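We begin with a single chain expressed as structure tokens, specifically the form predicted alone.
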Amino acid sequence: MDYVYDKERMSALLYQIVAQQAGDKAELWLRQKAEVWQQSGALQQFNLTFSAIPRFIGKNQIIIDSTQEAALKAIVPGFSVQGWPADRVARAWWLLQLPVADKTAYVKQLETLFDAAEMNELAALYGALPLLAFPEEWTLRTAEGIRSNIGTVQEAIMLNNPYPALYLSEAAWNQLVMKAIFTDKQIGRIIGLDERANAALAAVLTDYAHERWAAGRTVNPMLWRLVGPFVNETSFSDIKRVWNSENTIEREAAALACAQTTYAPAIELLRERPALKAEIDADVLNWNLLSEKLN
């Protein structure tokens, strides 16, 4: 399957967003380039335009209204361009102009762009992963990007991007989450965090926490969000350690982890602090709010 969503609606909406915020001159340039590309089909023209977009569209931060936000997510759940630089949105739109009738040619062209891309181009390509045709073709590229040491590229893959949760294997997904934690990314902005939680990841994270504690270092409280559903007799001692922390946010994280599990001792532990349990039951305390406190 090429596109797994309504590509025409997405293309029209992205173009509207770029045109509204980049100005008439930039919109005219983009429209003319699209006309030339449609007439010539020359890949060199396509690649040159992809590279030139920042010079003509600019890098102003895109601000979309709630209607546009909802429309984007109605087409591709979880996808948004809120806060993106204008050139990244334009590049995402430009990628949608590639023909998909020949899958081999399409994949080859995208691979060429990835291979030749500088940092901002890579961020645009990875940010557009949810929009690319033949989504199953980009898992290895995504895994490669996760191993990147470029923060902008890492964030384009990890944060507010629905592609990894939908298509990565468990091993690659776990690598993404671990890399996000290692590099102090905002864990709460990873889409699919709860849905893709798994016992293997929880075990690796508890080992990581032990290493941090042994070195006298702190542990990101959001880590316990991924351990909570898999608390057992081994990891329960870790939860109790965090539960008894002098740090309020850590204690709240332990309480939230206890609220996620069916492990009886953890459920009983949460009952010892009825005020915290009441806040969780009333949704006054949740992982999203805890994430906001941390950032």
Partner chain sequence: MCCSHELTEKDLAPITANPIFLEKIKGMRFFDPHVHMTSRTTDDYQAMADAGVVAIIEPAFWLGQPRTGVDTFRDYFNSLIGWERFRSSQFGIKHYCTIGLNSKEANNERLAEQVMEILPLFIYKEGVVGVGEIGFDDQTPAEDKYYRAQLELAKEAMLPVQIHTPHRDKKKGTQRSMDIAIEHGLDPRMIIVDHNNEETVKEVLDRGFWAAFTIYPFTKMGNERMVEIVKQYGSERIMINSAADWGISDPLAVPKTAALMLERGISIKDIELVCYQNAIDAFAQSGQINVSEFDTVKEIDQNLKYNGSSVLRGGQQPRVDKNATIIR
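Values in this document were obtained by computation on a predicted structure and should not be read as measured data. Numbering follows the first chain given and starts at 1.
Separately, the form predicted together with the partner chain exists; it is not shown, and the next lines address it.
Within 4.5 Å of any heavy atom of the partner chain in the predicted bound form lies no heavy atom of K103. By the criterion of a heavy atom within 4.5 Å, L140 is excluded from the residues contacting the partner chain in the predicted bound form. In the predicted bound form, none of the heavy atoms of P99 sits within 4.5 Å of a heavy atom of the partner chain.
Contact annotation for Q68: none of its heavy atoms lies within 4.5 Å of the partner chain in the predicted bound form.
In short, of 246 to 254, 59 to 67, 27 to 35, 233 to 241 it is 59 to 67 that has heavy atoms within 4.5 Å of the partner chain in the predicted bound form. For the marked spot (K108, P135 and A200), a heavy atom within 4.5 Å of the partner chain in the predicted bound form is absent from each of the three residues. This chain appears without its partner; in the predicted bound form, the one residue of A171, M119, A214, A74 with a heavy atom within 4.5 Å of the partner chain is M119. In the predicted bound form, the partner chain lies within 4.5 angstroms of at least one heavy atom of each of the following residues of 183 to 213: D184, K185, Q186, R189, in sequence order.
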